[in-house]
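Take a look at this single chain in structure tokens; it is the form predicted alone.
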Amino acid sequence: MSEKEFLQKYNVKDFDVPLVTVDSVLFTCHEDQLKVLLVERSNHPHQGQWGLPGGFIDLAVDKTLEEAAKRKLKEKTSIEPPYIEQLECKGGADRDKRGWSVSVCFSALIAYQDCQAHIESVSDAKWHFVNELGLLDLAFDHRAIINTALERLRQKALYSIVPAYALPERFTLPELQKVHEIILGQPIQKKSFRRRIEQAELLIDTGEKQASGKRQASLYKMKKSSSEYRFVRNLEA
């Protein structure tokens, strides 16, 4: 039998298939704290509880898992983050009351200023302070997924400038340092941070200025390749 003949006779429904979804942990920095975007579930199971924006893969529309994650974020929250990456895969017989399920999880970042108008237009979507999630009864195993995403984000804040995606397109060096400190939960030495950023040549000076106290601070934006750069030593070192 040739491969073509085999595929013609093959029926995917001959085997049990688990429920397959995508879920995204979307972070931002606002009010000097880290926030995560949650949606209130309108249907069972876990109706009325807060959970991550996500849903089932659409075989007729989604060509990749990332496309599915971005589509569900757009549907549930009306926003499209500039940065998203696959985080982990969660699966098991007991994580979803509807049956054996697999969720491909993503982590994303967006500037609060770039999305809040969209969030306010969605009645069941809301930013929550990460340090107050213990007060919420979250759906499914979403608390564990958020914890994994938070740990991954903190690691990236140590050796990359991925946290810059939580800022507007143009930002100052103090703003970049601040967002790193918010994510890490600790201060970073100013001179060392600036020296490391400048030596790596990760930013473009826009030539614009922004008022910063009594001074004018230069505005920068990320180079396209900057998100892939990794510092040899952690930024806190």
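Heads up: residue numbers just count along the shown sequence, starting at 1. Here the structure is a predicted model, which means the values were calculated and not measured.
Missing here is the form predicted in complex with the DNA; even so, the following discussion is about that form.
Contact check for Gln189: a heavy atom falls within 4.5 Å of the DNA in the predicted bound form. At the 4.5 Å threshold, heavy atoms of Gln199 reach the DNA in the predicted bound form. Put simply, Pro45 is far from the DNA in the predicted bound form: not one heavy atom of it is within 4.5 Å.
Using a 4.5 angstroms threshold between heavy atoms, Pro174 counts as touching the DNA in the predicted bound form.
With the partner left out here, the DNA still marks one of 189 to 197, 49 to 57, 27 to 35, 66 to 74 in the predicted bound form; by a 4.5 Å heavy atom cut-off that stretch is 189 to 197. Residue-level contacts in the predicted bound form: of Lys9, Lys13, Lys224, Arg215, one residue has a heavy atom within 4.5 Å of the DNA, and it is Arg215.
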